[in-house]
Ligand SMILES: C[S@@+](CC[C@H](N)C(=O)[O-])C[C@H]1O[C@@H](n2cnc3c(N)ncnc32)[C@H](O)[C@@H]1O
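One chain comes next, on its own, written out as structure tokens in the form predicted on its own.
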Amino acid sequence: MIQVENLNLNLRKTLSKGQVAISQPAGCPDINLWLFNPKVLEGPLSHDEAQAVVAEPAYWSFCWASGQVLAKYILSHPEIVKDKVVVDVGSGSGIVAIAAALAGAKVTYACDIDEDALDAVTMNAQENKVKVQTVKSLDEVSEEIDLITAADVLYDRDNFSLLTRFTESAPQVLLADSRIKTLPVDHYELQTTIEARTWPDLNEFEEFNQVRIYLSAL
């Protein structure tokens, strides 16, 4: 069983005074998450500290804007996931996978290459009293996938190929992104744009607070 101290030790690999605490992200307060606790620092994150976190982050210890928006969108539109096999790619804290499970998904997977993130997903799923299975790649999902979800996975241009991989792997893809204003492919339709901020707040550029939600249109 994953314990809170395991998450603290994982966080301290990149932030020496790191510690997690339960909080409710402002963009999706219906879900409780073990996230980085800024109170262990003296005051809010300084610019240098924030830059260090962004440069070498424990992604799972922050709830990024797109994850909050996508999770809230799923909770508000449960018919998108109800009775489906859902795989959340680049799951991080697991907020989107947890939202899918809460909204009635048949089976929910959280997929992340970071084993520390999968530890966090396990803890956060337990905290919200839902079952989320964890995998490190799509190839580990042996059953037929109905829906892939992904939030802020396009931060690196090398990840653009995922847009095609997703539509090849599932009949539906629900994508949220705050980094790319125009997707490099045309088989996704913009559903809405919602403003949110990373939690805890990293004081990112305002342009990164505009989250666009897309649905695959194949």
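Residue numbers run from 1 along the displayed sequence. From a predicted model like this one, the values you see are computed outputs, not experimental measurements.
Below, we refer to the form predicted together with this ligand, which is not included among the displayed structures.
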- Please determine, with the chain shown alone, which of 140-148, 76-84, 126-134, 89-97 has non-hydrogen atoms within 4.5 Å of this ligand in the predicted complex. 89-97
- Task: Could you confirm whether Phe62 comes within 4.5 Å of this ligand in the predicted complex, counting heavy atoms only?
- Result: yes
- Message: Can you work out whether Asn32 and this ligand are in contact in the predicted complex, taking contact to mean some heavy atom pair no more than 4.5 Å apart?
- Response: no
- Item | Contact test in the predicted complex: Ala170 vs this ligand, heavy atoms, 4.5 Å | no
- Given that the partner is absent here, does Cys111 sit within 4.5 Å of this ligand in the predicted complex, heavy atoms only? yes
- What residues in 146-178 sit within 4.5 Å of this ligand in the predicted complex, counting heavy atoms only? Ala151, Asp152, Val153, Tyr155, Asn159, Leu162
